[in-house]
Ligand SMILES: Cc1cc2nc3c(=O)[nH]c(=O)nc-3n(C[C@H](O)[C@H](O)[C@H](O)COP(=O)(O)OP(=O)(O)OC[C@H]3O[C@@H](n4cnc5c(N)ncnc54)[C@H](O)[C@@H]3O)c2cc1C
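A lone chain, given as structure tokens: the form predicted alone.
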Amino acid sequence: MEKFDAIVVGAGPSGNAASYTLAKAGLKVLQVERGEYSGSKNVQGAILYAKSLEKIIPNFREDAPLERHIVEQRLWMMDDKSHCGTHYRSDAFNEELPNRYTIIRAQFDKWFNRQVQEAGALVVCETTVTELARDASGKVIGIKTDRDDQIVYADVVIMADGVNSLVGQRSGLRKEIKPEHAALAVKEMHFLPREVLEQRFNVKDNEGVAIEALGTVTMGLMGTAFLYTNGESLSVGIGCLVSDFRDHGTSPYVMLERFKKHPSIAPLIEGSEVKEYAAHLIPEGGFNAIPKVHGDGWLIVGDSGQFVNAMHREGSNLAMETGRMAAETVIALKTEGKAPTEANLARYRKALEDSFVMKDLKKYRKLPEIVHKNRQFFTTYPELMSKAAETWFRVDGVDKLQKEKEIFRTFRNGRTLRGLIGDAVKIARAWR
């Protein structure tokens, strides 16, 4: 009977991080992926945070399929006709080892999984894990797949099977994700000649720009939109809570079209050729939605454990961090000759608590509920900010003192003084 030291379910960033770390340490690893290959179900662009990957593969920049390193970040608050916000650009990001990159997930995941295989892990694709196998005491001892009804044995199983985590659900380890804890994002890839893209965004070589936006573009729903520059394409997308799409009957495709036609976005994508379209779920429940992440013979990592910082749009780095920490926990127990019991695997939870992953998620634990219950942050405030900016910058013979009074009056009429103070207190409390 063949037995593995560890089985990893899923070949996304968290699953690849766990599998690579385990295999590199000499453990016997099986990775199971339901897609044709790692990344086969991902066509969209994304942002890669270098620090988390460096901890796993220090020299990844030598051959990883990276698009552009980001030197400029724009954060926009949009109404129907305009945008305002912050804009940060620095030549410091043109460093020898850049901090952030745009990537095409299909290409990157495939590359990452190739590193997993070269490290010595056995990767089996086009195979679905149907359930976890348990012994008489309830300890997880392996998996069953759709290939046959035989048990594939392992000391520990790491579930990295995505936001729905069907394996965890079927095995009773976690509940079905709630609609208010997941966002449905739709994305398109817009192709442009490299020189046109660089002219429009004022970049050169492999420099890139990331734009993230919120406001009336989401039609009152809780969500955000984005535009990222790739080598010869733009990743354009928008996402909102599944519960909001359900309750309001709004189509994500209609919302994306609305974003693309916005006066601030349309000139940036003009003349582009759309070749790819995709939709996927993103966990957005935050700290309060994290399920139990370890048990007798099993661990949960990445999207399966709700490890996404929606406030800062961070997901891939949390996926790789949790995958690596889970693997390091298994490696340490193996080295010490200790069994992967629930008590021993609690080290993984401790590692999470000590890391920025849980610290950041805990910091913003109140934010999802507050913004979900206060839609004015996505409707009223973008309009008020835009009106204030237009009033202030329009030179029309009105003195600045009168303009200040008009701006204050507009905010007071739009939200009332009590409402403004209340909203400020809510955000302050959620931000702490």
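Residue indices: 1-based, along the sequence shown. Just so it is clear, the structure is predicted and the values come from calculations on it, not from any experiment.
Although not depicted, the form predicted in complex with this ligand is the subject of the following passage.
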Exercise. Name the stretch: of 134-142, 333-341, 308-316, 112-120, exactly one has residues whose heavy atoms fall within 4.5 Å of this ligand in the model of the complex.
Key: 308-316
Quiz item: So in the model of the complex, are 26, 329 and 347 all sitting within 4.5 Å of this ligand, heavy atoms only?
Solution: no
Quiz item: Using heavy atoms and a 4.5 Å limit, would one call residue 41 a contact residue for this ligand in the model of the complex?
Solution: yes
Quiz item: Could you tell me if residue 368 has a non-hydrogen atom within 4.5 Å of this ligand in the model of the complex?
Solution: no
Quiz item: Heavy atom to heavy atom, is residue 73 within 4.5 Å of this ligand in the model of the complex?
Solution: no
Quiz prompt | 4.5 angstroms heavy atom contact with this ligand in the model of the complex for residue 321 | solution = no
Quiz item: Considering this ligand in the model of the complex, which of 167, 217, 182, 211 comes within 4.5 Å of it through any heavy atom?
Solution: 167
Quiz item: Exactly one of 388, 47, 64, 57 has a non-hydrogen atom within 4.5 Å of this ligand in the model of the complex; which residue is it?
Solution: 47
Exercise. Give, in sequence order, every residue of 227-261 that has a heavy atom within 4.5 Å of this ligand in the model of the complex, or say none if there are no such residues.
Key: 228
